[in-house]
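Below sits a lone chain in C-alpha cells, taken as the form predicted alone.
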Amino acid sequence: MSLDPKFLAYENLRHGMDHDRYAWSMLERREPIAWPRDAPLALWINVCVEHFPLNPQSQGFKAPGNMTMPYPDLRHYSLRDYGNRVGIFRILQALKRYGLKASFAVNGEVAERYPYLVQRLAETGSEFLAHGWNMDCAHASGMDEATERRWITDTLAVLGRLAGAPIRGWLGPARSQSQRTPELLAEAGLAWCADWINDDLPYAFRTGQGDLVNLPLSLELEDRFIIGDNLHSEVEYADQLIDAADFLLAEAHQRGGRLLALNIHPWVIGQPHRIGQLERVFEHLRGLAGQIWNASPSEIARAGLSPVTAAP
C-alpha cells in the first residue's frame, strides 16, 4: 500500500533541510578551507568546567552527568566536585607540558562558587566560553523565555567580569537549546555557538537577530560520552582520539582543511588512572607539529568562514 499523499503535504518539505537555519550542502562538494599557517588540520581543545547542583530540579530536562540517586546524592556530587578541585589542575599541567592551547567552557555558577579557579584559568590567557548557568539549567522548548534570557545574560555577566574580556562563544549545558535559543544568543551579542554537532567545519547559522557561526564540538570524541556512556576504557578513548586526528589529517591533505574538536571534563579524564591517556593523546598531537593549527575557538570560527564557504 502506497503512502497517502497528504503525508507529503508539508510546507517546509524541500531538498536538504526542513528549516532555514543554514543552507544545505555536502561536505565533499564545498570549496576547500585553508587554515592559517597552511596547516591542514585545526585543533580545538575545550575543557568543560561545570557545577552540578546537589538538589537538581531538572529544569528543561536532566542533563547527562546530573545527580541520579535520592537527595543528597553525595557520591555523584563529590565526584563532579573532584574535577574542579583536583582534575582540572592535572589537565592544566598536561596542556603546559605539551605546549597546547585550550579554551574553557564555564558555568556561570562556577564563577560564583569557585572564583579562585576561574581567576586561575584566566591567568592562562585562554578563551572562555559561556556554558550556561549550571548543569541543571538545560535549555528546552516550553520553558519561560524570560528565564532562558536571564540564564544567558547572568552567565555572560559573571564570566565577563572574571575573564577580563567579552565572552564570544556559547556551549549550552548538554548542548541544549530551545527553538528560540539561537535568537537569544545573538541578541546577547554572542558570535558563535557549539551546540550543533552535524559537521566537521564551522558554518554560518541564521537567527532572527543576525547570523551566528556554528562551531561543531564533537560529541563522539568526548571523554564523558566515550567512557561514561559507551563504557569504553580510557585506553580505547585515547586510541579513538588518535585515530580521529590521523584520519582527519589525511583527509585534509586530500580535500582541504578539517577541524579536530576535543571536549574534555576534569571530573572524567582528570582522574589519576586516566590522565596518562590524555597525555598520550597530547604527545601524539605534539608530534604532528607543523600540520596542526592549535587555536582558540573564536579564531577557528573566524578563519572557517573566511573566505565564506558553503554551509552544510
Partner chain sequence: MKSDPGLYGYLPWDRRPEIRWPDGARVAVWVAPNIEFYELDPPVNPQRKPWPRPVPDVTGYATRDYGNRVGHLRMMRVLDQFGIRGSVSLSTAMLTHHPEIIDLVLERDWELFSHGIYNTRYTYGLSEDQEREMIADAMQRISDYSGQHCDGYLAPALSHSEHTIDLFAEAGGTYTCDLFHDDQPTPVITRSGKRFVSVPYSLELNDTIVYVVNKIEPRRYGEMICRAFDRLYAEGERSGTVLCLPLHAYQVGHPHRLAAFQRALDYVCSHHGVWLATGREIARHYLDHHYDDAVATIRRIEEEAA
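Positions refer to the first chain, counted from 1. Predicted, not measured: the structure shown is a model, and the values here were computed from it.
Only in words, not in the display: the form predicted in complex with the partner chain, which the text now covers.
K.L.:
Give a yes/no on whether Ile275 approaches the partner chain to within 4.5 Å in the model of the complex, heavy atoms considered.
P.N.:
Contact check for Ile275: no, nothing within 4.5 Å of the partner chain in the model of the complex.
K.L.:
Is Ala23 near the partner chain? Define near as a heavy atom within 4.5 Å, in the model of the complex.
P.N.:
Contact with the partner chain, yes.
K.L.:
With a 4.5 Å heavy atom cut-off, would you call Asn84 a contact of the partner chain in the model of the complex?
P.N.:
Although the partner chain is absent here, Asn84 would stay clear of it in the model of the complex, with no heavy atoms inside 4.5 Å.
K.L.:
Consider Ser78 of the chain shown here, and say whether it contacts the partner chain in the model of the complex, taking contact as heavy atoms within 4.5 Å.
P.N.:
Outside the cut-off, so no.
K.L.:
Using a 4.5 Å cut on heavy atoms, which of Ser126, Gln209, Thr153, Ser178 is close to the partner chain in the model of the complex?
P.N.:
When the partner chain is considered in the model of the complex, the option within 4.5 Å is Ser178.
K.L.:
Among 114-122, 129-137, 226-234, 155-163, which stretch sits within 4.5 Å of the partner chain in the model of the complex, heavy atoms only?
P.N.:
Residues of 226-234 come within 4.5 Å of the partner.
K.L.:
If you check in the model of the complex, do Ser2, Arg30 and Leu248 all have a non-hydrogen atom within 4.5 Å of the partner chain?
P.N.:
Checked in the model of the complex: all three residues contact the partner chain.
K.L.:
Could you pull out the residues of 57-71 that have any heavy atom within 4.5 Å of the partner chain in the model of the complex?
P.N.:
Gly60, Phe61, Pro64 sit within 4.5 Å of the partner.
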